[in-house]
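Here's a solo chain for you in structure tokens, the form predicted alone.
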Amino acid sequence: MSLVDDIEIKNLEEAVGRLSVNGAIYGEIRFHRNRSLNITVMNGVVLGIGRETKEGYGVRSIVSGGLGFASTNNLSKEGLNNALERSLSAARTASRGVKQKVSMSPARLGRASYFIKPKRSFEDEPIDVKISRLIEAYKSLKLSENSFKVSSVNIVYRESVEEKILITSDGALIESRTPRISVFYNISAQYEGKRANRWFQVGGSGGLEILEENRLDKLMNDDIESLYINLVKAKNPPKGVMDVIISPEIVGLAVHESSGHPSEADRILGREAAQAGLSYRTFYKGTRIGSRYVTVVDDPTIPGSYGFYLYDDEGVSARTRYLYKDGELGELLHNRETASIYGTTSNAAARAMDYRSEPIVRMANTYFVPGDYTFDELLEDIKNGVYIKKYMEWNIDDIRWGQRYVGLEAYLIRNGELKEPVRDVAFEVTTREFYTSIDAVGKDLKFYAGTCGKGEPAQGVPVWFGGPHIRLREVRFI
């Protein structure tokens, strides 16, 4: 019996063997169960409560260079056998038209079990207590001041437990259980005909301790204050070329979008072109992308992280991946298929959202490596600039080269000191301009939760992104 309830490993091993007997040079079976609870509260009123369990098998096989994937939520022996047959049939069909034969690169495969044990399990807490927590957080909010009003507050609480068993024909056997919590909120406010909104998400792997570390009432009240500053106190934004300090949340977003996504090997190969575009790394001929202060990594193994895992969904042992190192382009994110194409080894970037999803190349926890500057040291030699503390919107093109960020809460900098707030400040840069402009990096590393979307059919997986405060010189504000 497996450590995951009700699933016999022996039966899965026998099933993988049948893939090989029937002509597969590679076979893989993944049992994948996601159990979740969602609570939605709008303006202090419960709009919905939903529980969901998604469980089933995902089966992949390679026959004569063709890859076939099939899934089923029928956990019986007959249901699994049917999925095996459909995977083999799809692989045989694919092999007849494939131009480049699919293969899996050699890899360091694991035979291991890992289970995250939360400090405070959310499974033991009654649902009415969870609802009360959200309603009390809403009641703590300062919703109006003179003509400034918060028009809506939407809060979505989600807890989930993800359980997996992965067995491959070349030796991987991984069992895992990962509990996660996240809270997403969206706050809209208005003042004298002007409107602004702020959305935010916190999350991690573990239990209720995540909510204790990220107090919802404090976070939302702080964001309401940011909305108030933007709508009531802030002046018109500056324009022209000047220095800028950006906060960890903007740094995290930037590295996720302009370093992480363009480093996905399947995107570079063109497999995301129809849904999400290509990558500048397809055509960029240089190796240097930024100043020597720029190092960006993606690391699935950070304890408590929202994108945590120790082995990916192909059984490869996870490790830190250096996407940029000291301003130079680093490694790509690979699964075993793309690694085979590039003549390298997988760095454990294969992730699947659920049993119905095929493992594809994904990020986990992407961040800008901190330096040794304090915030005051970043400020002190800026004569004329801007500090952007929180963002309201962002855009990036489909090759991840041209990008734009708009601040929600931002301040002018004069002679090394923060001055009056400015609203809707916006700057545009290319990816290379962004990273080459960095001349100082703070020491205050922070992480932020998100759900990263990719693929067709679409898959959303939990991630962290983050970094410290950083300073950029001579950025163009529009």
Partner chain sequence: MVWRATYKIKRGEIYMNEFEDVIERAKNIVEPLVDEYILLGTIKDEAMIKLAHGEISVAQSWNDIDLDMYIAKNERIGIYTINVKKLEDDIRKAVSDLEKLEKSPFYAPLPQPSGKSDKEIDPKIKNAVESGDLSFVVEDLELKNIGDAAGMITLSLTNELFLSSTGGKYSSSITKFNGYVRVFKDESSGQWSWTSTKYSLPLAKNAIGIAKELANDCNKLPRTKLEPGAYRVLLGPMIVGNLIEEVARAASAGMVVFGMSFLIGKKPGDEVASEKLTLKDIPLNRELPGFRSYDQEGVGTKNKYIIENGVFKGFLHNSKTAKLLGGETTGNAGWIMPQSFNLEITEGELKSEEAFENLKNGYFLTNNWYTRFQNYLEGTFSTVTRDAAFKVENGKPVACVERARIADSMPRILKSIEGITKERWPIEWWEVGTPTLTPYLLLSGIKLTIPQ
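Residue numbers count along the first chain shown, from 1. Since we're looking at a predicted model, the values are computed, not measured.
If you look for the form predicted together with the partner chain, you will not find it shown, but the lines that follow are about it.
Counting non-hydrogen atoms within 4.5 angstroms of the partner chain in the predicted bound form, say which of 269, 382, 150, 216 makes the cut.
Contact residue from the list: 269.
Considering 320, 140, 344, 93, which brings a non-hydrogen atom within 4.5 Å of the partner chain in the predicted bound form?
Selected option: 93.
Has each of 303, 421 and 445 got a heavy atom lying within 4.5 angstroms of the partner chain in the predicted bound form?
Judged in the predicted bound form, none of 303, 421 and 445 sits within 4.5 Å of the partner chain.
Please pick out the stretch from 310 to 318, 325 to 333, 121 to 129, 107 to 115 that is in contact with the partner chain in the predicted bound form, where contact means heavy atoms within 4.5 Å.
Single hit among the candidates: 121 to 129.
Flag residue 436 as yes or no: does it have a non-hydrogen atom within 4.5 angstroms of any non-hydrogen atom of the partner chain in the predicted bound form?
No, residue 436 stays farther than 4.5 Å from the partner chain in the predicted bound form.
Quick check on residue 414: any heavy atom within 4.5 Å of the partner chain in the predicted bound form?
Close contact is absent here: in the predicted bound form, residue 414 is far from the partner chain, nothing within 4.5 Å, heavy atoms only.
When the contact criterion is heavy atoms within 4.5 Å, does residue 355 count as touching the partner chain in the predicted bound form?
Within the cut-off, so yes.
With the partner left out of view, is residue 351 within 4.5 angstroms of the partner chain in the predicted bound form by any non-hydrogen atom?
Answer no; every heavy atom of residue 351 is more than 4.5 Å from the partner chain in the predicted bound form.
Residue by residue through 45 to 59, which ones have a non-hydrogen atom no more than 4.5 angstroms from the partner chain in the predicted bound form?
Those in contact are 45, 46, 47, 48, 49, 50, 51, 52, 53, 54, 55.
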